[in-house]
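Presented below, as structure tokens, is a lone chain in the form predicted alone.
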């Protein structure tokens, strides 16, 4: 029955754009502040044709993918160990509790001091932001596994390694993918922050440069590009979750 409502995913944004265009065309708002969607689209096309927008997206995606992949792998491994082994939890939990509340953007100046102004400091900032979200969700997934399943596996003669690989990891996968989707969003947020300083390429840099030059249409174009990247990353992770977790409806 839920499939009947899927067209709303297309209808609602289209209706929003039509209303936005109509309000601007009726001179209800100043186009220097909020341009019409059609003019923003033309600006995006111009930026694409002259190569600035594709190059900015490629530069940002390179940083996002590196930070996301490294942070996700580290978060999944640590999360599984923390959630399953009490000794690892006792060792890691205080560190997570102390460092997780620190804004990751506040760490970026330290990383620039330690690792320089190049790509490394930006990737590590994204890595740290993704790491905590994936780690915490993975731990939650491990601890949420039904004890009955664990007992059944032991009663059937499974050893610790088999329980970990056949019960714990599959049981934690839905929460792991939740962490991955949150981490993908965090990666896009942090790549914008890291591109405000010490860089001459990237979607965040182009957006900030456009703002400083009062090129409002370009600001909207870059903002929409960030939104499209967020939607695509969410869709890709949902597709991957359906493939890896066929028992869970996404």
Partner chain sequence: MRHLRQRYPLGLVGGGASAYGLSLIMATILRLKDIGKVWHIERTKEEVMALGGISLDVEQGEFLILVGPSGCGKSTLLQIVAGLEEPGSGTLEVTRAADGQKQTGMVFQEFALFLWRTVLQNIVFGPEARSVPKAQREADAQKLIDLIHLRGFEHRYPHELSGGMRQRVALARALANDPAILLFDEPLASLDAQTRKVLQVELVRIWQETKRSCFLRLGPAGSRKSCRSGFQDPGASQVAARPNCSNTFRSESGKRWTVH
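Quick caveat: nothing in here was measured; it's all calculated off a predicted structure. Residue numbers count along the first chain shown, from 1.
Beyond the structure shown, there is the form predicted together with its partner chain, which is absent from this document and is the topic of what follows.
Contact with its partner chain in the model of the complex, defined as any heavy atom within 4.5 Å, is confined among 77-85, 90-98, 108-116, 146-154 to 146-154. Its partner chain is not drawn, but in the model of the complex it has no heavy atom within 4.5 Å of residue 160. Taking non-hydrogen atoms only, residue 170 approaches its partner chain to within 4.5 angstroms in the model of the complex. Although the partner is absent here, residue 246 lies within 4.5 Å of its partner chain in the model of the complex, judged by heavy atoms.
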